[in-house]
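Here's a solo chain for you in structure tokens, the form predicted on its own.
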């Protein structure tokens, strides 16, 4: 039973009030809720954002000892908070009598079983096609808008080179960038705030079993697509690869359900898959398809979904996810062949193309330099994550209103353009024009017959700039120019990630790493008498992978993604070494950027392994107590009262328990709540009340005969709140028999069970509730995701200790 309290306000610097919870015990973590001193309309600014939580029902504060609590100044440690408003997904099948009957009927019909599996493959095919089409639309939008901006600025530069009006191109550049990001930030801040950022932390939370409001809605997809086009074309230090992963997940969530709750459209197909368990599997396929479309790496997409997203992996998913990734890659390939005016020339695998590394070779001794570069990438990644963490806390405290978020985005766009212009002005990296030159070349402050190579760093699309840094000839850029670009872009990318605009982090990380990696290659060439062994492309690639690994801390999937993007298997070894070393070094200081953003938001995320020393904690010390329970035959009046008073989503069903008894229990260490029989969900109780499944109903048997599990999922995922269920005074005195509807296979643990064993059950089975019983099979408590996630490990002077997080209501 989760603790009471649903609404989670933004973390800020206001005073806090302490209050008690009706389900908290002496072993429980303290609860606090924020008092945001702002205009009530601004409380809606975070609606649907990753920083705030929305609920379907009104907030109920429960019984408190002090109706008017005294104000306290409480210092919040942002690294040790947990927000109670995040709810979990129901990945476990409700194994009740109705479900068992349906499964028996299906098992006897071979064709029905095959048709169900065929539909899964059809859905994965549709996910791949739509994700590939979306990637094509994003790529076309960025190319067209960026081309328009380039042509406008280039015309002015050509006119003003001899006219002493070079400030005109800067003004037009600023106007383009600020105007584009203004559109993207307004859409994000005012339409769908959860579309901000890459979306990878949110999808990672969803696949881990945590509900992030609005994360897979069609409005989020539209905002993401339009916003990322505006952000990339507007010159921000962002990429479109991360948002593609989020877009693929949203597409998968919508297609697999056969309807859109936002648009109120129901195509009455795929009803069998309207559950958290099925939806999770398809979202995993959508995320993989997004990676495949972004990098042209279908195998990398599958591994990404495994490494970063899918917490509850099973073998049956692998082929379907790989199939969806391949379909996505081929769809984008076909779309881009038409965009490039070469129909059906299937040589455009993904949104980003690293170019050909066929002639890139390395020697064994250079692997030691790769290790050093991996360590540098880990250190820089840890610095990047630390600065971004501090910026995120600052934004959560002081940049809460929507108009403030929009202004910040415009400021960053202006600073980015100004930095680029200043670098172009002072760099003087001029190269002679050659025949058959590329279109993205500008003279700027160079002499006639020359072009500014540094201008190309900013006027090409980010993906083209990465490719240029990988493959441009020696002497194209001076080391000082590359150093200023890498340092400036490092801080711009750090400032940009977390703005109220869709933004990917892959490309900015690759750009910074490729720049300083190229510097390493140039320095080695200058320091070596025989520089023929130094290949700048090799060191640019190693620097890019080390930088990306140091920030996101991914290893397996990134190695395969880069191998597929470069089409060079031998390069996999140095790439893998740089990624592993970067992760090892960075992990000594902080977590990966996605995990930092998850934890700073107070999400009850469960890691891969239980905490060290967690075996010292027992179920009795982590469980929620006391527990709200229902009897096997319960009155309608009490069901309604409990559902209105409590916000919990699962309730143990018991026998031999009188909720109205005032007689204290004797000779018991912990209060008990009857003999355990099963567990019933809130959504099931509400559906039973709505369908009048009362014992006194003369039509009960007829209704039960026609009742199916899909009837309980008709309104999924937006179930009816209890306030909208109409019950007459006469019906309130009726009773409901819960035995046919309760989950009879609910997982239970003894009160003496260790934290680590409970954690393993949650992590491997995707559980939402585990009932705690004593040796007499009596309910004594319940463990939820928040009860496990509120513990963390802290290291001080070489000593490890378990710390309990503060829970923000």
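Numbering follows the first chain given and starts at 1. Since this is a predicted model, take the numbers as computed values, not measurements.
The protein also exists as the form predicted together with a further copy of the same chain; that form is not presented, and the subsequent description refers to it.
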Are 380, 683 and 685 jointly within 4.5 Å of a further copy of the same chain in the predicted complex, each by at least one heavy atom? no
In the predicted complex, is there a heavy atom of a further copy of the same chain that lies within 4.5 Å of any heavy atom of residue 579, even though the partner is absent here? yes
a further copy of the same chain contact at residue 676 in the predicted complex, heavy atom, 4.5 Å: yes
How about residue 88: is it within 4.5 Å of a further copy of the same chain in the predicted complex, going by heavy atoms? no
Is there a non-hydrogen atom of residue 104 within 4.5 angstroms of a non-hydrogen atom of a further copy of the same chain in the predicted complex? yes
For the chain seen here without its partner, which of 472-480, 235-243, 689-697, 111-119 has a heavy atom within 4.5 Å of a further copy of the same chain in the predicted complex? 111-119
Looking at 572, 721, 179, 147, which is the one with a non-hydrogen atom within 4.5 Å of a further copy of the same chain in the predicted complex? 572
Considering non-hydrogen atoms and a 4.5 Å limit, which listed residue (463, 564, 139, 192) is close to a further copy of the same chain in the predicted complex? 564
Residues in 281-303 close to a further copy of the same chain in the predicted complex, defined by a heavy atom within 4.5 Å, in order: 296, 298, 299, 302, 303
